[in-house]
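Single chain ahead, written as structure tokens, the form predicted on its own.
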């Protein structure tokens, strides 16, 4: 328990920063980095505090109980995580391999502060890649007839492997409300389109048909409504009339990888807060 991260949101009233800082100081903590944001539309205050807790004498349970008292005082929603509680992620893929390779490589280089627990796929094609990086691979075919059973099996796997959040690295299946509800705001998807434009299938084809001059990729949390979850990050690249659908697809792979990896890293580092249908992503 060397470091900790506190995220909170509440109605914006005077004294919040003071009381949060005082709370950490009085327990022996030392603030390393703090960021705040005020949402003007409904007068909401958001804060993320990263602090050193090596000298704190209280254990985690006591700190969390005391934090609950502070939260009650200001009617706060709070999330507190410690550096020794490293998150475990599951990757779901189909046949496209570029995002999977990228996540594995970034994880190997220490760029993602979470452990890859396993890879689940509805096709067997990428098993060799997972095994080469030392990650368990589970092939779970999905059909219209067995979808509910397959997702129940997947959920059981996530529980067995202690999965904290899920990354859809070009997983070409629509998740049912069953799985979405169990991992609310903990399933990250990359959509190969600049949402909310060009939702659903074949966004590069849609972009080509409309003659757009920019194409994009979007990372977002999955909700029951297809491609409409809270947006985490977006990237764009310029295109022109000479580019074919195949060109757009090839160009889009780079930004798909980047926007997904950045979302995964932000989630693993507890830098994202979801409020209403928006995200606040701290740097």
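Positions refer to the first chain, counted from 1. This is a predicted model, so every value here is computed, not measured.
One more form of this protein should be noted, the form predicted together with another copy of the chain, which is absent from this view; the next part is about it.
Contact with another copy of the chain, judged by heavy atoms within 4.5 Å in the model of the complex, is confined among 145 to 153, 114 to 122, 79 to 87, 206 to 214 to 206 to 214. With respect to another copy of the chain in the model of the complex, the three residues 59, 65 and 224 uniformly fall beyond 4.5 angstroms at the level of their nearest heavy atom.
Residue 195 is the only one of 172, 71, 138, 195 with a heavy atom lying within 4.5 Å of another copy of the chain in the model of the complex. None of the heavy atoms of residue 27 is located within 4.5 Å of another copy of the chain in the model of the complex. Although the partner is absent here, residue 184 sits far enough away that none of its heavy atoms falls within 4.5 Å of another copy of the chain in the model of the complex. Contact annotation for residue 178: none of its heavy atoms lies within 4.5 Å of another copy of the chain in the model of the complex. Contact annotation for residue 105: at least one heavy atom lies within 4.5 Å of another copy of the chain in the model of the complex.
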